[in-house]
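Okay, so here's just one chain, in structure tokens, the form predicted alone.
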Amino acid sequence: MTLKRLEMHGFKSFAKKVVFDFSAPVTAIVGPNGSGKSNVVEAIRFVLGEQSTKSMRSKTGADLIFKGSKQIGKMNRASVAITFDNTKRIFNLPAMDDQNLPLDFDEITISREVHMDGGNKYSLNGNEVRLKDVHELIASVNIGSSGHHIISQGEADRLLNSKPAERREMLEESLGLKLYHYRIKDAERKLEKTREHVREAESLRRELAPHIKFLKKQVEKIEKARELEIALADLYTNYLVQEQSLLARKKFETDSALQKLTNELSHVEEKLKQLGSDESEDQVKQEESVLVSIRNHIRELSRTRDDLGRQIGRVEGMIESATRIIPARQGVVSVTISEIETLISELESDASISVSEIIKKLKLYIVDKKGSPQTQISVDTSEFETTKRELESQIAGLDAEIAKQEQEIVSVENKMAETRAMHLDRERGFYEAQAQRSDIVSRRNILENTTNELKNRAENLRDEYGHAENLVGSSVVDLKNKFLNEQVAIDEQGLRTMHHEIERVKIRLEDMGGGGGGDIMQEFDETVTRDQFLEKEITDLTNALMTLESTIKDLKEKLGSEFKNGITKINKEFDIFFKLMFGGGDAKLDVVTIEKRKKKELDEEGNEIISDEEDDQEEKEQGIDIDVSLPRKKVKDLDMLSGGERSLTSIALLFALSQVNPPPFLVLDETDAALDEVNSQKYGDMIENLAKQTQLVVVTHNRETMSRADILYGVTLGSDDASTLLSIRFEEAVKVAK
């Protein structure tokens, strides 16, 4: 057996998971109306990829999911899985689009899930696949989601009611020719894509043509500039090597001279540091400070001496005054107290340390005499003489001290003269060292300027290398490590002349399009290569077009040939089954030609294409007509057949199809409902004959049909409003069916 199992869960009325085991040639499914028998057939359509919800008696995908009941909740998805026996590897077709389906298994299980949002998921042995893969897979074993192998109630005469073109399609499917249509369609799709690619390639070539022409003119200019580039390369080779050799020599010389001057400058700086640390100036300042101090001291001594002189004068005046007033007593004078007080005041303003004692005595004397009524007192002039002598003695001491200090000034001034002389010598050496340093710094600045000039020339040289690389190629990079021998003389004037020549050639190259020539040549080569590639691609695509057209032609010829042979075989079996069903008569299928108007073709500018041939606007298509002749009647038109006659005719035709190209299984959904007892017997006989060729799944109420089944499945609607699968005996099945 090819069909092994059918599993349903949540599909329509089957809320709980149920499993149908198809292990016999004929399996009958029975049950009362509304129990869900036909849902089993629709589950088979569903899992085989049926897209028409109408054929499964629903409006949307969500209608295929169990809606729920009082006892069972609403479900979110429905799933159906169908399993085939593949031990003989009947499923062996590679999928299209370079994807191989995993078919090397003893069992092939196709699964489909539908969700509340209408989304579907297809799986093959647990691996997710596309709907297209499912269609191509089942087409390889002569089955589909609908067609001759699934005949539902009310569709038994679909072949009879269909238009000729639709009838041809159904017959092609029953003959296993659907795969040719898939391949033809795929080849035509590839053909159209190939034509589109050809148009794109030709369009690109047309776009490239003027650009290639333009680039070719540019290339001609570039080729003329090649000679200049070669000459420039020779100039660069000589110039770059000589310039970098000269720069290297000058840099070495400059760096050596700078190092020497740096050493000299360091020595001079050390000398300046030593000379700059001269302490003689500080010493002179100290000595000048000493002189100032001594002179200040002399001035102080002189002031004191002058004060003492004035005091002596006053004392002498007092002596003279006393002598003049009281000459009676020798050595004694008489003075008034007020005169003594005046003297004391004068002495206090100019008093020295030695006079202070006299003042004290005079004060005591006045205090002693103040109480006397006499207004005059007698004074001993000898005391004034003594005071005078003491003052004169102090003056002599001050004169001696002043003389000593003046000698000290002479000594300090001599020492200062020596210090100044030594300072002048060191200062002279300092200025000489500064002059020497200035000279060194000046020479070093000149060398540093030279170094900067060399750096600028080195920068220019690097830039020149960049220009050279752009203009004559990367080979100039190798020149960076080449230097002339030191014994080889380099003419700087010749170098400048050479550089001017290089600049002149560069300008000429730029005028001729040089400098970017490499990019233009590359673009020209790439564009030409692209054009050649497109030319080759157009050739290859043209060859592919011819191959595809030949393939399509061969497929159509093979399809036509096999269809013609299939019709011959079908007619043979159709006639046999027709005679068996009607007890005589004739029935056959005729291939007819259907002409239909072609769609208008437009060119690129939107104009209608007019063909030279008159019938080019007509496209020919084949269809199928059915001719029948009932025994003992003059009926030849299908429209004149009764309902029972149409049913028997369609059954005869369907059974004939099954005999010519037997599908792995055949599903009959109450196709015997309209048969009387006699015809039911004939129908049962045909069922047994068909079971020898193909596996049958029969949904029926007919007792005769049930009697020919090997396995009976009863479907009933439970108290939970869900379909339930029952295991029943034949007699019970008859009761259930009634």
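The structure presented is a predicted model; accordingly, all values stated were derived computationally and were not measured. Each residue number is its position in the shown sequence, starting from 1.
Just so you know, the form predicted in complex with a small molecule exists too; it's not on screen, but the next bit is about it.
Enquirer: Quick one: of N33, Q681, N689, S52, which gets a non-hydrogen atom within 4.5 angstroms of the small molecule in the model of the complex?
Expert: Filtering the options by heavy-atom distance leaves N33.
Enquirer: Between the options L712, L696, I65, L48, which residue brings a heavy atom to within 4.5 Å of the small molecule in the model of the complex?
Expert: For this set of options, the contacting one is I65.
Enquirer: Under a 4.5 Å heavy atom criterion, is D672 part of the interface with the small molecule in the model of the complex?
Expert: Heavy-atom contact with the small molecule at 4.5 Å: absent for D672.
Enquirer: Is there any non-hydrogen atom of R703 lying within 4.5 Å of the small molecule in the model of the complex?
Expert: No.
Enquirer: With the partner left out of view, is T27 within 4.5 angstroms of the small molecule in the model of the complex by any non-hydrogen atom?
Expert: T27: no contact with the small molecule in the model of the complex.
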